[in-house]
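Quick setup: one chain, the form predicted alone, written in structure tokens, and binding and motion questions come after.
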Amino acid sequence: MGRILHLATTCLLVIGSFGCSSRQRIPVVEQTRTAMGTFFTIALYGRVEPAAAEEAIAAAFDTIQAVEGWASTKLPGSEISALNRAAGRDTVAISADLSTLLNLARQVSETTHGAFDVTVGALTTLWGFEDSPQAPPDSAAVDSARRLVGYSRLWVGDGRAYLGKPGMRLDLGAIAKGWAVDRAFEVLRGRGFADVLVDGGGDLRVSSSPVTAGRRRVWVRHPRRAGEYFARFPYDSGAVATSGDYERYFLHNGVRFHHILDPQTGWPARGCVSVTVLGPDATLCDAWATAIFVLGPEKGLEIAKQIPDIETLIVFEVNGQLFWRATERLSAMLEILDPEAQPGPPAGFLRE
């Protein structure tokens, strides 16, 4: 059923309330379900026919479940699981969607020289963040798993794929959620809905109608203060994704170990605490948020400036002080809500 929107929350980002009075509140048909290990929220704004909206939302969720069906390492029957089992032995038939996604991932890997790599599965399995570890793995085990990572050993072509070394594992956790958001968004737009929000655990894609244009705000979660926000900016149409060291982590001997691993070292990436990326689609925003996080503030910002249609906000920490950097267009849109956070120090300060 339709209802009046007050506030739609996500794990990482928030689409703020649209109106200041009851006359300005905008009707919305909205559903939230769990999928791909997180919460997905789908919302259609404006005066829509409720039955048609509910049917479209159900179809969008079916699409998300279909993506999970081939992308999840937890499902033994998934295409990814089949590829992992066959690593070093045989090629595996894959769908056109997975083929496209793996080729997109490879493009980001090549551009970042391996800072983003979907063959990181041996490492993510070893660290096991989903099982709430209390201590890091042994250094020798990390080195062993790291030798099973390398996007150049992933072959994709003619409807088949192959992992070139036994023990290699794919993990699409840094890109598949964005892909699911995009496919659900396309279902809704294809059914004629103009004012759409699809939020997959903080990976967003939105489009606005004249009813909502100029009234949306994206709020970026504060990486160090629970329940607070670091920044906000207006955003009518496009995609947003955030990666942060506060999503899944544990503290050991006073050191924060988080789930965003550097494929080249095998250890959690250091330098950034939060990276938000804006772009035309959620798939690339999802991948680039991880890639920039791994690259670090200086290299990450430099490469973001070279990618067409990508904007980024990078938050990092030096001696307990939060700093931020952003690409030019996003800087002009940003409102920093933490009065103690400072614009980034001069280039070279971080010694990356």
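None of the values given here were measured: they were computed from a predicted structure. We number the residues from 1 along the sequence you see.
Omitted here: the form predicted in complex with adenosine monophosphate (AMP). The next part is about that form.
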query: One stretch from 229-237, 139-147, 254-262, 186-194 that, in the predicted complex, holds residues within 4.5 Å of adenosine monophosphate (AMP) by heavy atom; finding: 254-262
query: Residue contact check: residue 248 to adenosine monophosphate (AMP) in the predicted complex, 4.5 Å heavy atom; finding: yes
query: Close approach of residue 223 to adenosine monophosphate (AMP) in the predicted complex, 4.5 Å, heavy atom; finding: no
query: Non-hydrogen atom contact residue 243 with adenosine monophosphate (AMP) in the predicted complex at 4.5 angstroms; finding: yes
query: Contact flag, residue 290 vs adenosine monophosphate (AMP) in the predicted complex, heavy atom cut 4.5 Å; finding: yes
query: Listed residue (115, 168, 161, 104) with a non-hydrogen atom within 4.5 angstroms of adenosine monophosphate (AMP) in the predicted complex; finding: 115
query: Contact residue in the predicted complex, chosen from 83, 198, 278, 120 - any heavy atom within 4.5 Å of adenosine monophosphate (AMP); finding: 120
query: Contact set, 167-187 vs adenosine monophosphate (AMP) in the predicted complex - heavy atom within 4.5 angstroms; finding: 171, 173, 174
